[in-house]
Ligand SMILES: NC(=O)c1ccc[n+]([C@@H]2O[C@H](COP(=O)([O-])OP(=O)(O)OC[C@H]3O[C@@H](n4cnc5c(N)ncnc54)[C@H](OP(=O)(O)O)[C@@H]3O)[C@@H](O)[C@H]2O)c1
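Just the one chain here, the form predicted on its own, laid out as structure tokens.
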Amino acid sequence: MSKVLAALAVSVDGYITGRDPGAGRGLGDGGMLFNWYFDGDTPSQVFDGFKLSAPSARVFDALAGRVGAIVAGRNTYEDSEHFGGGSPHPRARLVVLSHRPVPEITDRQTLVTTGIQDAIAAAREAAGGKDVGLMGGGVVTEALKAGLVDEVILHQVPILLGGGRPFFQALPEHVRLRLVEAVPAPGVTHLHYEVER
């Protein structure tokens, strides 16, 4: 069965955006969380235009190659200007989880309004046997609460943003993780965890 993973760039103090994110402003003042996508000399084999360091390219491409569908929350969808009507991943279908209608949804995207379980089920079906990626702190938190996350990957950028949108929201109980791999790279440390059950 396919796995569900959350792999997001995050500041050392736990933010996935800077202050004032939104449509036309992207990550607000947190755009440097993704500088490592372009600061190297190794082209990504999955994402055109990405040039990463050799260690980052190995980690990033291995993860990106596993993903067949993405579940994103409404805030992420809006902040990213609807992903141009497509997906944040060149080969993965997008499932948008929202509790209200999304009039901008395209035929290359799927809207789910009935909760995280249904969104992940729709993404698994769309993924064709590949893994499901999660985008956005709210989506990741809801999936963790439901016991649906198998792996958490933090692309930890050495900066303290001091504000923005946090990666995780409140959880009702502890979630224990087991470190699988830690890869230091220029401008980022890749921390790969499995969720313990």
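Sequential numbering from 1, following the sequence displayed. Here the structure is a predicted model, which is why all the values come from computation and not from measurement.
Keep in mind the form predicted in complex with the named molecule is missing from the figure; the text below concerns it.
Proximity of L27, M135 and V139 to the named molecule in the model of the complex is complete: all three residues have a non-hydrogen atom within 4.5 angstroms. By the criterion of a heavy atom within 4.5 Å, R124 is excluded from the residues contacting the named molecule in the model of the complex. Within 4.5 Å of any heavy atom of the named molecule in the model of the complex lies no heavy atom of P90. Among residues of the shown chain, L8 is one whose heavy atoms approach the named molecule to within 4.5 Å in the model of the complex. Although the partner is absent here, V188 is not a contact residue: none of its heavy atoms lies within 4.5 angstroms of the named molecule in the model of the complex. Looking at 68-87, the residues that come within 4.5 Å of the named molecule in the model of the complex, counting any heavy atom, are G73, R74, N75, T76, D79, S80.
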